[in-house]
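Next up: a single chain in structure tokens, the form predicted on its own.
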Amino acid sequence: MISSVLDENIRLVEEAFKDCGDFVKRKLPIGRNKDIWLYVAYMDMLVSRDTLEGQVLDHLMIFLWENPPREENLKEHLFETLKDGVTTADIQVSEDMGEIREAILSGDTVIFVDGCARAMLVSTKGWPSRGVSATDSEVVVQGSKDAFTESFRVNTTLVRRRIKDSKLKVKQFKVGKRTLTSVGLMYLEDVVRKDVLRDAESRIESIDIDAILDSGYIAQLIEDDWKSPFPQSQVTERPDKASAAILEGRIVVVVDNSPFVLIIPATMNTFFQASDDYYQNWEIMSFARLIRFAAGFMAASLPGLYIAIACFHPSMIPMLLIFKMAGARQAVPFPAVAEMLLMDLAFELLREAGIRLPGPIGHAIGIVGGLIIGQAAVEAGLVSPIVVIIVALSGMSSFAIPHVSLVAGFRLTKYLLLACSAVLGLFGFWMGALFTLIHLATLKSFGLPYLFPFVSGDINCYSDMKDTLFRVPLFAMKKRPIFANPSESVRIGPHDARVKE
């Protein structure tokens, strides 16, 4: 609790921030007779100096000079007089020293008054931050180019700029005992499913950890099945995609200091959807969607399928192709499985090197390195040309999937199918594929089946099938997906003459 003795409050605050070189404090007298003592404390570079000095301290001194507090009951009226002198709207009063320390670390300015057992918390946040820039990881041909930043309030503003509805709520939490990271749930109050919202709130509140440094921490701590390599929440840096998800009834989790937000719940189908799917004609976007699903299958299964057929069922390959493959493999000293693993791991190495290096150098490593290593490996007789083609097709297929988090699941599944195919051939391949399918069928994201609407689609009268392998025209997508509250499922009104039931 705060003491009414100013010197005692000063001792408590300065003891808490001992050896903090960026802690700024000052005890100063104000008023006509200089008999009113204040103590101002804040963290350097976490506050806006213009706001602090121009709208708080300067106005406060002028106001007290022109409107001195009454002599009678001075201590009772002084605090309210000071509040009237601060021109900023965001002012809070606190009597808890722990809350005051948290406010200082969050960029607020704290003002103590001699004789008052309360303190003013003035919002003066103004830390340095990166401006709104173009998106890097989710590039679209058509659509907005702005992306989320590391500022919590900027990110919520980018969503509010698109959804001008008072029912758009932002419920905030403080997560991390040492970082006290702001975590917000953004949702439409009347569209979101109440059970999903309560589940999300309880999972956020139950997190007991010392630090949250990125939204990835939250994604791992609230997922349904931590053993699964498949993501159970979407990650995006695009405000338009987050806004579209909110309008579908989903919840967006905004984490301070992270340029990526989470979208929950998530199904496998949503990971194949890109923002510009809805900005262009449905015919070409349906074709692109079909290519993505085919790319997902090839990214996970192509190496294993090649090993199963080439090693166990060569009779399935046309005769001319078998002769070419056999001729190409004559000089290769490794079995087909080792050959495939060698080339695939080299590709993964190039992928990681391209990501970690600076942009221009990374692109050069990815392209030139792949060409040089592939050509050199073939000429040296370490791998056959067909293996290079298989690995390249599998790698390119993974790049066609819009969400990197799903690609990670396919990359691990690829090795499972490869191992099963190397042992049991096509039987092992289908056994591994069935095991993966069973795992996906049992997986859930906040209570929703992960393979929806391919399973349990009748729950929503198969309405969600309109936005799966193919996308129907926008005017035909009358209902919101399964994520929305059933009472608010209609999103296109009957005034549109093209809408068909």
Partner chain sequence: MKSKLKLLFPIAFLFLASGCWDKVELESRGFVVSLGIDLGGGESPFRYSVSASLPSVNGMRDEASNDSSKTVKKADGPDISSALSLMGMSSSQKLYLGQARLVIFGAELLGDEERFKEAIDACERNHEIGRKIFVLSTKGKASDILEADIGEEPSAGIYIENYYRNASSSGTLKSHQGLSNIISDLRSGGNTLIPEVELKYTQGGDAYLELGGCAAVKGFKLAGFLDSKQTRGFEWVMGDARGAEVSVPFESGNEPLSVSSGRSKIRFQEIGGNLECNVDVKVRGSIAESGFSEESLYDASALSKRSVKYEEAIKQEILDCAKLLQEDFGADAYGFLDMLRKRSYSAYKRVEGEWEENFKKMKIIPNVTVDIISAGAIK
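Numbering follows the first chain given and starts at 1. Computed from a predicted model, the values in this text were never measured in an experiment.
We do not show the form predicted in complex with its partner chain, though everything after this point is about it.
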Each of Phe312, Ile317 and Phe435 near its partner chain in the predicted complex, meaning some heavy atom within 4.5 Å?
yes
Its partner chain isn't shown here, but in the predicted complex, which of 321-329, 238-246, 106-114, 343-351 has heavy atoms within 4.5 Å of it?
321-329
Quick one: does Pro335 come within 4.5 Å of its partner chain in the predicted complex, counting heavy atoms only?
yes
Using heavy atoms and a 4.5 Å limit, would one call Ala200 a contact residue for its partner chain in the predicted complex?
no
Is Cys420 close enough to touch its partner chain in the predicted complex, meaning at least one heavy atom pair within 4.5 Å?
yes
How about Ala408: is it within 4.5 Å of its partner chain in the predicted complex, going by heavy atoms?
no
Among Leu168, Val86, Met431, Leu290, which has any heavy atom within 4.5 Å of its partner chain in the predicted complex?
Met431
